[in-house]
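One chain comes next, on its own, written out as structure tokens in the form predicted on its own.
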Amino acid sequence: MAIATASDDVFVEEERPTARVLGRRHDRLALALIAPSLLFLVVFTYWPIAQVVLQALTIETFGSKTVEHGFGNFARLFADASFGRAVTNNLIYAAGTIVPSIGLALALAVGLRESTRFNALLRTVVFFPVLLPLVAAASLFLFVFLPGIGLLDHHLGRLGFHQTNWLGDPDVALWSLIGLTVWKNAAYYMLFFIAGLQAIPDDLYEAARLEGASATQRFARVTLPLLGPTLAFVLVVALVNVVTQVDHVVVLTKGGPSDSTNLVLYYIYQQAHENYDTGKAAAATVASLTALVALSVLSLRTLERAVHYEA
């Protein structure tokens, strides 16, 4: 845009940048600011993913330099009974940890919603397991699960129960890991639910009370619907934890006994670092991540259908 100004009876035209030029400058500035983050994202996230996918599609024959490409690694993976057992264990582990953890976290959040000194103290106590690394928590529970002399057997024995080999019995070992995981993760999920509860306007609860709704009805008709987005987010976080948390398996059971606690991530570790079968390990990684992304997308789609409150 050109304008005319008078100075000493001389008209000078001053050029001002157009909106398109300003937009381009802003775009270049924004790109320059996010360039370092994009570089690290490509180098440490997308490039490793591309390498894993390429390795999963690369078929190498032992003792031969011949390299082929195809889905042979996936065929060997799905034909492996150990992988099927690991998937089954992971599904049981997911069901046994996600539902109780989220249910307990929601109950704790509702009970500790009010910001009082006593509730603040209880939140600190409940949140303590989250501060422990999973390796440290597993080492702690190693003494809890010791048969006969462990803390759990000691107190159960005083109540008249028989001793249980918590980590050595194939029918019990996976459930022992599930108990540890629920204890470790419930308080972490509780924080998200407390934040979601505090975002719900008190006017809605007051209106429900005036309508004669009981506490159960207020929870079912007001709290749960408005916690839909938070619940979907926590579910995705829980799914990620189910796939990525394996430290307690390494410390406590190493996948045993009889592969009863062998989860998919530990199976990948075994194939890559014990059997040196990187092709099968990469195929298992791609398969597990694909399933995780699909489940996460299905969970997050509930955000679009969730109930939102606008003031």
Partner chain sequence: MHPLTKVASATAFALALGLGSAQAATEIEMFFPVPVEGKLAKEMQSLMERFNAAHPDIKAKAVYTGSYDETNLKTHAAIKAGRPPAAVIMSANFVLEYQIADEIQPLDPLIAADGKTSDAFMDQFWPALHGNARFAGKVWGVPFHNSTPLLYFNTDHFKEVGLDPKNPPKTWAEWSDAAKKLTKREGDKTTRWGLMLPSNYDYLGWVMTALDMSNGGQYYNSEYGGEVYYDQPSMRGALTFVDNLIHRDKVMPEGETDGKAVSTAFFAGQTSMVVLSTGSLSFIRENMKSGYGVAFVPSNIRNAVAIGGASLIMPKGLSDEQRKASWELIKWLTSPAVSGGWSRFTGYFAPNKAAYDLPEMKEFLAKNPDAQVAVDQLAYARSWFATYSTVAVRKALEDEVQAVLSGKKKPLEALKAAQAKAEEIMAPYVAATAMNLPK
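Numbering follows the first chain given and starts at 1. Because the structure is predicted, anything quoted here is derived from the model rather than measured.
What follows is about the form predicted together with the partner chain, which we do not show.
>> Please determine whether Phe161 contacts the partner chain in the model of the complex, using a 4.5 Å cut-off between heavy atoms.
In response: Contact check for Phe161: yes, within 4.5 Å of the partner chain in the model of the complex.
>> Can you tell me if Glu206 lies within 4.5 angstroms of the partner chain in the model of the complex, counting non-hydrogen atoms only?
In response: Contact with the partner chain, no.
> Is Leu167 close enough to touch the partner chain in the model of the complex, meaning at least one heavy atom pair within 4.5 Å?
Replying inline: Answer yes; at least one heavy atom of Leu167 falls within 4.5 Å of the partner chain in the model of the complex.
> Taking the shortest heavy atom distance, is Gly103 within 4.5 Å of the partner chain in the model of the complex?
Replying inline: Heavy-atom contact with the partner chain at 4.5 Å: absent for Gly103.
>> Only one of Ala94, Val222, Val87, Leu142 gets a heavy atom within 4.5 Å of the partner chain in the model of the complex. Which one?
In response: The option sitting close enough to the partner is Leu142.
> Who in 233-259 is close to the partner chain in the model of the complex, meaning a heavy atom within 4.5 Å?
Replying inline: If the 4.5 Å heavy-atom criterion is applied to the partner chain in the model of the complex, 233-259 yields Thr253, Lys254, Gly255, Gly256, Pro257, Ser258, Asp259.
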